[in-house]
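The chain below stands alone and is given in structure tokens; this is the form predicted alone.
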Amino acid sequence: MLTTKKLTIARGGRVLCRDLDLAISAGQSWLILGENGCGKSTLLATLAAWLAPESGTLHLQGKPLADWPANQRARRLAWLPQGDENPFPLSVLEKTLTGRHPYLGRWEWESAADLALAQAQLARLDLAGLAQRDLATLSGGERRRVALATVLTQQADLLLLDEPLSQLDLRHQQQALTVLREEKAAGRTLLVVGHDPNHAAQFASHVLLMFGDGRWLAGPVDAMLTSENLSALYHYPVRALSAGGSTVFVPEAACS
């Protein structure tokens, strides 16, 4: 689905990730972890063809990413950025319908099927009652869920999601995680930036750890998520605890 070879990304003269080699197969779900400023969002923007890498290659379904026409790429790859600016007045439903733009001609309007799809994605995220509301009147968490619904309406095979759970309360976090599991079950490939390693158990098959100084580790969840790796990643002691037959990771202070 997506491959990188010797991919190096940098910002402000600082190398964030060096010589990244990934082979992401269809149907896999990746959680990307690391401290603030380590390059997670920069990596996702690079994979979405928004930013150019310092060096290395990127292929989407075996074809160089840069060679894909924008609308064809958008039918295969959808990107949820960390920030979602909307400078013009839009209703929630109008915003969600923008996910169908890659499938429309220049003067073509959304179909009844497009409308039904957008409404279904809003319902999955507890937003059906807000469809006619102006985006500017929503809370940050509500706008975040609208942004996720828009990406889901795009119906791409590969979803690049930058902190889809940010600003969400506990119930809506769990709701969004359920949606991620459903997308995984439907065969979609997920790359999700997050901050809680415990979320991996809910949807991820693989983890990418970014250390912010060029180093990285990538592999299956069980191999990557260890107290040693997470303590090194966050520069803070992390302990693995058994709870109900599962392993949870907590900061050392929470264990005392």
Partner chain sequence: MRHRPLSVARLLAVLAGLLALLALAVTASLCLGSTPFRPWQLWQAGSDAELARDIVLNLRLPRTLAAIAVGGLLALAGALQQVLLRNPLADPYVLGTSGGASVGALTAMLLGGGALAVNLGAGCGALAVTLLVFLLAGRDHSASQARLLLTGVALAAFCGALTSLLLSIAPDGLLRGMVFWLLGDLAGARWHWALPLLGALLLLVWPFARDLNLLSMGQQPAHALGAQTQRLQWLLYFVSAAATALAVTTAGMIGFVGLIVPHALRLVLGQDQRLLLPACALTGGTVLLAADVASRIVLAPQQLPVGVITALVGVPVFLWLLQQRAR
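Residue numbers count along the first chain shown, from 1. Source: prediction; values computed, not measured.
Just so it is clear, the following notes concern the form predicted in complex with the partner chain, a form of the same protein that is not shown.
Asker: Sort through 199-207, 42-50, 213-221, 184-192 and report the only stretch with a non-hydrogen atom within 4.5 Å of the partner chain in the predicted complex.
Answerer: Comparing against the partner chain in the predicted complex, the contact stretch is 42-50.
Asker: Which residue, 114, 126, 157, 94, has a heavy atom that falls within 4.5 Å of the partner chain in the predicted complex?
Answerer: If I apply the 4.5 Å criterion carefully, the residue I get is 94.
Asker: Could you work out which of 120, 90, 179, 138 is the residue within 4.5 angstroms of the partner chain in the predicted complex, going by heavy atoms?
Answerer: Residue within 4.5 Å of the partner: 90.
Asker: Can you work out whether residue 73 and the partner chain are in contact in the predicted complex, taking contact to mean some heavy atom pair no more than 4.5 Å apart?
Answerer: Residue 73: yes, in contact with the partner chain in the predicted complex.
Asker: Please determine whether residue 148 contacts the partner chain in the predicted complex, using a 4.5 Å cut-off between heavy atoms.
Answerer: Residue 148: no, not in contact with the partner chain in the predicted complex.
Asker: With the cut-off set at 4.5 Å between non-hydrogen atoms, does residue 86 touch the partner chain in the predicted complex?
Answerer: Within the cut-off, so yes.
Asker: Can residue 132 be called a contact residue for the partner chain in the predicted complex at 4.5 Å between heavy atoms?
Answerer: Contact check for residue 132: yes, within 4.5 Å of the partner chain in the predicted complex.
Asker: For 102-130: residues with a non-hydrogen atom within 4.5 angstroms of the partner chain in the predicted complex?
Answerer: Stretch hits, in order: 102, 104, 105, 106, 107, 108, 109, 110, 115.
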